[in-house]
Every structure is written in C-alpha cells, then in structure tokens.
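The chain below stands alone and is given as structure tokens, in the form predicted on its own.
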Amino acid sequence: MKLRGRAVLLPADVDTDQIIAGRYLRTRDPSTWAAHAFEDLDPTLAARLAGSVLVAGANFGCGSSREQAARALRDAGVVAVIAPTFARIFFRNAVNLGLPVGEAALDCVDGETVELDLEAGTARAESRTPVACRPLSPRMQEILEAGGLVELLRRQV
C-alpha cells in the first residue's frame, strides 16, 4: 500500500483529547468530530487535513482509548499518520478503522509531499532519502487494504 499527501507537522505527545476533545463526543455524528479535529491544539488545523499525511513526534495518540480520535482523522481526509512511536491503543484503533499508520522518524517540512510505502517499509519526504518504517504484519496490511476491520469481516461473510 503506497500513500501520498501533504505533510502536516505535529509535536510529540499529541493525545486523543487534543485530536478530538471530549466535549464533541456527546454527538454520534462523525462529521462533527472531523470538523473539530485538533481544535484545542490549533483551531485552523481541521481545514488543512484533507489529503494530508500527519508527521508527528513520538507517542502520537496517547491518552484515552477513544476510537473516535482515529475516526475523526480518517473522516477529515487524513491519508496516513507517520510518527516514531504511537500509543498502542491508538495504533490499533487506527488500523481497525482503516487509517494507515507508519512508525518512522521522518524529517520534513510542513506542506512538503510525503510518501508512505507500507509494503516496502519506507517513508520519504519528496526531496530526501527514504527512511525505514516499521513493517506492518500481513494481517494489518490486509485490514488496511480492506478499509478497516469491519469492512474486511463483511467481505468474508
């Protein structure tokens, strides 16, 4: 699976409450979550997410285990998230919801084109040498290619 988008840079330790604040979880309308993604971190960020690859610092998605955080990013049009490390529960929620994630320390500039190749295990900013990306298991790649765990299971029935 090869993914490409504009880099949106984020710091380390972005928690799930910064991705989608708890006050928006009262609604079950996922479009509300996407519209308010990162609102407390940067109120202008949600408008830049469509077609982006989030390039974050370590420990992305720490905090509570809310799967709405991964859903908000996916529904906002985020193509993938690249970070040196992820909170375990966010990582798995992202895969299960069909949001590609890659563990890599990628050096890039905000707005630069970024590519993530999950099969080859590389991440690359447009004018730089590729860096190694921790490979996903064949099962996780299968889940992502299906668009998430629910979609994969629907196809198997």
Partner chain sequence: MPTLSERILAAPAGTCVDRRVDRAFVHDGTGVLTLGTFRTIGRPLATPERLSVLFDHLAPANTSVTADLQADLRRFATEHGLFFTDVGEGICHQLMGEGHVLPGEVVIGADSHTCTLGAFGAFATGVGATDMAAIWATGETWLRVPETVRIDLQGRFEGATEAKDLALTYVGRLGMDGATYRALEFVGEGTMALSIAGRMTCANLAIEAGAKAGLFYADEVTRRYLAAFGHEVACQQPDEGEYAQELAIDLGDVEPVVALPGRVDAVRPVATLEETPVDQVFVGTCTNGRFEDLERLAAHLRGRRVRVRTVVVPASRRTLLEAVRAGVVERLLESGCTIGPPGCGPCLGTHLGVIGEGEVCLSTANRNFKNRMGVGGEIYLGSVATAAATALAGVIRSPEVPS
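Positions refer to the first chain, counted from 1. Only a predicted model underlies this, so the values are computations on that prediction, with no experimental measurement involved.
Omitted from view is the form predicted together with the partner chain, to which the following refers.
Novice: Considering the partner chain in the model of the complex, which of P130, G63, G121, G111 comes within 4.5 Å of it through any heavy atom?
Specialist: The residue from P130, G63, G121, G111 that makes the contact is G63.
Novice: Answer yes if any heavy atom of T32 is within 4.5 Å of a heavy atom of the partner chain in the model of the complex; otherwise answer no.
Specialist: No, T32 stays farther than 4.5 Å from the partner chain in the model of the complex.
Novice: Within a 4.5 Å heavy atom cut-off, is A58 in contact with the partner chain in the model of the complex?
Specialist: Within the cut-off, so yes.
Novice: Flag D13 as yes or no: does it have a non-hydrogen atom within 4.5 angstroms of any non-hydrogen atom of the partner chain in the model of the complex?
Specialist: Residue-level check for D13: yes, a contact with the partner chain.
Novice: Test of understanding: in the model of the complex, would M1 fall inside 4.5 Å of the partner chain by heavy atoms?
Specialist: No, M1 is distant from the partner.
Novice: Pull the contact list for 21 to 46: residues with a heavy atom within 4.5 Å of the partner chain in the model of the complex, in sequence order.
Specialist: Going through 21 to 46 in order - heavy atoms within 4.5 Å of the partner chain in the model of the complex - the hits are G22, R23, R26, T27, R28, W33, D40.
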